[in-house]
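In structure tokens, one chain follows: the form predicted on its own.
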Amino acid sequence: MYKLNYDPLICKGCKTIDCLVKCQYQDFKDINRAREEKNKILNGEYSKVLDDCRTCYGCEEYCPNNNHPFYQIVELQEKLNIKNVPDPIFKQQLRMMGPKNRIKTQSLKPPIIDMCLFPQLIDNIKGKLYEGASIIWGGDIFCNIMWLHCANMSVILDRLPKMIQNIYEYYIKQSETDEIICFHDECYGAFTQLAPAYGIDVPFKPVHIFEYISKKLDELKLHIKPLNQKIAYQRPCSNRLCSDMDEKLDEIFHKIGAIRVKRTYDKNTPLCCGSVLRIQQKDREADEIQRENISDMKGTGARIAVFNCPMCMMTLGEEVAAQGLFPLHVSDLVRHALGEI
């Protein structure tokens, strides 16, 4: 069994307890109270944090020591049987998103775009940006990191190593590249942050979609028509596992002449899209968070709301459109700058 690589002494000696104090969903203005709850977690005891956690991944980003506070929380939630998603929903999703054993060996030409479990977004892979791309997707390569939202690390540790090996054995081994372009932050975060935290080997090179797009725009710079548009970006939970990639998005915006508006709920203080809260049957809280989020977008004067997470876009797309903002995926925003949309 894989074991989390963290040092409890680092947490015990932490002077800021940023993982809890900076949480947007729990009120820890008193650092001594935060330290008390943190020590309970470190000792494997019940803490109110386990019930109040909204699984936004934020504490993974806030920790200055890369000591994985969120994974500690998820492991303890599972150990103490603290379920934030009703069992019938969890079990149904677990079966529906499980491996199907339908994967076949293929020799693919680069770039290889990993769409994870979102075939409905394959239509985004077109135009100059993705010319000649090979696309992979399906339950047999699903990263499974979403179970963090369901207080269940054991499923991830059981499935993720197999999914990683499937990508390598069935695709990379026979192909002309060792790179996989991760269309979704969750896959990239799973390969580059969660897997190393548990000592899981990744025998290929994950590349974030923002890295790929930014580099590709350098090749296509003569085709770019600056947008000169104000853009409100919905930063997803999973981008917390690869926060340096948020800077790559700024690079992309600069290259296409887009203006990323300053929001209350962006950068290191993004607000959840509400989809996870719906699954957790916290509808009233989801409604409130979505209202705050969309009101924040609209108040910036932005005309476009941009998403990278498919779930965020599915959850908020219609809502932002109803408020007069045009919802777009990052890829489509770039293609717009390339004159293809």
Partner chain sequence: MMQELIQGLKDIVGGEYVSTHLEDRFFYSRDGGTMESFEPDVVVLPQDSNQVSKILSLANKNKVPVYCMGAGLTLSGLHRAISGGILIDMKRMDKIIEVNERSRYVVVEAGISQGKLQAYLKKNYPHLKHSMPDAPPAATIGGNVAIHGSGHLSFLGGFHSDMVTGLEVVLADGRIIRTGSCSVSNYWFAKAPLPDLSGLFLGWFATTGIITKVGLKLYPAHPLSDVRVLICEDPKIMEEIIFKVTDLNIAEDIITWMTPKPDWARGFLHCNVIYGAKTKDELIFKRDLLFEQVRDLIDKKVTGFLPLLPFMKKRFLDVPGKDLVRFADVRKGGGFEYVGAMIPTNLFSDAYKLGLDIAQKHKVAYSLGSRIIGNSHSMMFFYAYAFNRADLADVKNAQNALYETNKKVIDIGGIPWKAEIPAQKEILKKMDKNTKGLIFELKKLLDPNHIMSPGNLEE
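Positions refer to the first chain, counted from 1. Predicted model only: the values in this text are computed from it and were never measured.
Unshown form predicted in complex with its partner chain; subsequent notes refer to it.
With the partner omitted here, the stretch from 53 to 61, 295 to 303, 36 to 44, 311 to 319 that lies within 4.5 Å of its partner chain by heavy atoms in the predicted complex is 311 to 319. Residue contact check for N65: none of its heavy atoms lie within 4.5 Å of its partner chain in the predicted complex. Using a 4.5 angstroms limit between non-hydrogen atoms, I279 touches its partner chain in the predicted complex.
Contact between K91 and its partner chain in the predicted complex is found at the 4.5 Å heavy atom cutoff.
Put simply, K48 is far from its partner chain in the predicted complex: not one heavy atom of it is within 4.5 Å. Heavy atoms of every residue among K83, P86 and D283 are located within 4.5 Å of its partner chain in the predicted complex. Note on the partner interface in the predicted complex: the residue among S154, Q120, N268, T105 having a heavy atom within 4.5 angstroms of its partner chain is Q120.
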